[in-house]
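Form predicted alone, single chain, as structure tokens, below.
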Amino acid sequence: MEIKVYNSLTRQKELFEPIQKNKIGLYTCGPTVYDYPHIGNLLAYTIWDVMKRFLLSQGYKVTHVMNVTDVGHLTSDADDGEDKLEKAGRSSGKSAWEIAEYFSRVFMNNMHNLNILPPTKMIRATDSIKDQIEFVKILEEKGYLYKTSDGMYFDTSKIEDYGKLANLANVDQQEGARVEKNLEKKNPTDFAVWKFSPEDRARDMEWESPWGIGFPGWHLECSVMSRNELGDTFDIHTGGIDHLTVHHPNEMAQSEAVTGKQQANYWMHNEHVKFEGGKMSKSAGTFVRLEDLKEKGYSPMSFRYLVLQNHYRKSLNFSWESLDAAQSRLTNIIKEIAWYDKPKGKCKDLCEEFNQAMADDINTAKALAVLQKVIESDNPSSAKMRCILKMDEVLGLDLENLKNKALELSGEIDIILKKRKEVREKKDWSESDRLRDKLVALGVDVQDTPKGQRAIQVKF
């Protein structure tokens, strides 16, 4: 099957052609583990999980690498300000190492809750310091670096097409807008590959290097990890749209300076989540975590469904109403499939239509529409169930598990159902209706069929 993806590098949709037949190298920019991820962060990992699942469903072997940034990401996202983990540690009374460990666990738990497949390799920046120093040595030997009072900087003027990923040649590069002003920089876009520790205090995280005690620049880890694990050139590099103008151009520049080759053939970026049309931020009180959704009674799978209703290259406008609607829709799907027969047979045309939707630049919204068409089709329920489960291997909504949980009724509910069966046999319709209302209040959906009553309780 031909798969087309939008390549940020060429700014157009392209036919995907892997470097090696049936094998794909995939790199995903991972979290900076200084705080809870918000749902905008988690949207990215959900989208790339669905893409990976689809590639796996098409017979590709996917080697997926993700970094964990636990050092070097400064508060400016460029080269000024304080390290985010050092700052979080100081404000909480913990070390940067403790902060990294705690929020790494939070992130992994969020991944599990959202049914996101783990990467083939997930590597912390602090576990690759030696390799990062060796990488910087190569950059220095090739003449790409210069020294300032606060670190070793990459001279972007030595890369002829620097910023090609974001078309930065046609963007006003005023210092203080895209990057913080630094009078020692030769060019506004130059960036640090190694930062020096402050002279007046020791950092929690710092290492000896040929240039002095310090720590790696934020962009360095991705270049090093991707090269070590996937080679000089690999297939797909993913990340959020916020990486398009700073992190990814810098990563690309230093990688290609070392290898003389294109770092990745396809660069894919997801758009942001907006909170009711505005920016998601702590200061505005619109910083929403997965834990917040769960505390309000929403399933992580409902958030996943909401994400899939939207195309990844369009902003997702989050609201509690939209999440309500997504959870309601997911609940209805579970109710629809609860009584389907065991999967067998085929509804081939619809499965093919589903794959075509996913092959069109990961169009999850269209794929969900095909899932609904399967439910509404006149295929035997066993064939529909087989097709639905096949589709869910890609969508990752955990439908089979949710269905099985919904059919597991508590002892209290079984007692009420048994009593209702007895009163219906006696044609006591008034008492039957009263017991039905009691079951509905408990969240139980009751159906009266020619074969008797059946009940389901969708639990998230």
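None of these values were measured; they are calculated from a predicted model. Residue numbers run from 1 along the displayed sequence.
Keep in mind that the form predicted in complex with a small molecule is not shown, yet the notes after this line are about it.
Inset, instruction - Classify Glu86 as contacting or not contacting the small molecule in the predicted bound form by the rule of any non-hydrogen atom within 4.5 angstroms, answering yes or no. - result: No, no contact at 4.5 Å.
Inset, instruction - Examine Asn270 and determine whether its closest non-hydrogen atom to the small molecule in the predicted bound form is within 4.5 angstroms. - result: Yes.
Legend entry - Asp242 within 4.5 Å of the small molecule in the predicted bound form, heavy atoms: It does: once the small molecule is placed as it appears in the predicted bound form, Asp242 has a heavy atom within 4.5 Å of it.
Legend entry - Exercise: Lys342 in contact with the small molecule in the predicted bound form, heavy atom 4.5 Å: Lys342 lies outside the contact set for the small molecule.
Inset, instruction - Scan Arg420, Lys403, Lys52, His38 and let me know which has any heavy atom within 4.5 Å of the small molecule in the predicted bound form. - result: Of the candidates Arg420, Lys403, Lys52, His38, His38 is the one lying within 4.5 Å of the small molecule in the predicted bound form.
Legend entry - Residue (of Lys142, Lys279, Lys296, Arg105) lying close to the small molecule in the predicted bound form, criterion heavy atoms within 4.5 Å: It is Lys279.
Legend entry - Residue stretch of 395 to 403, 53 to 61, 424 to 432, 24 to 32 approaching the small molecule in the predicted bound form, non-hydrogen atom distance within 4.5 Å: In short, 24 to 32.
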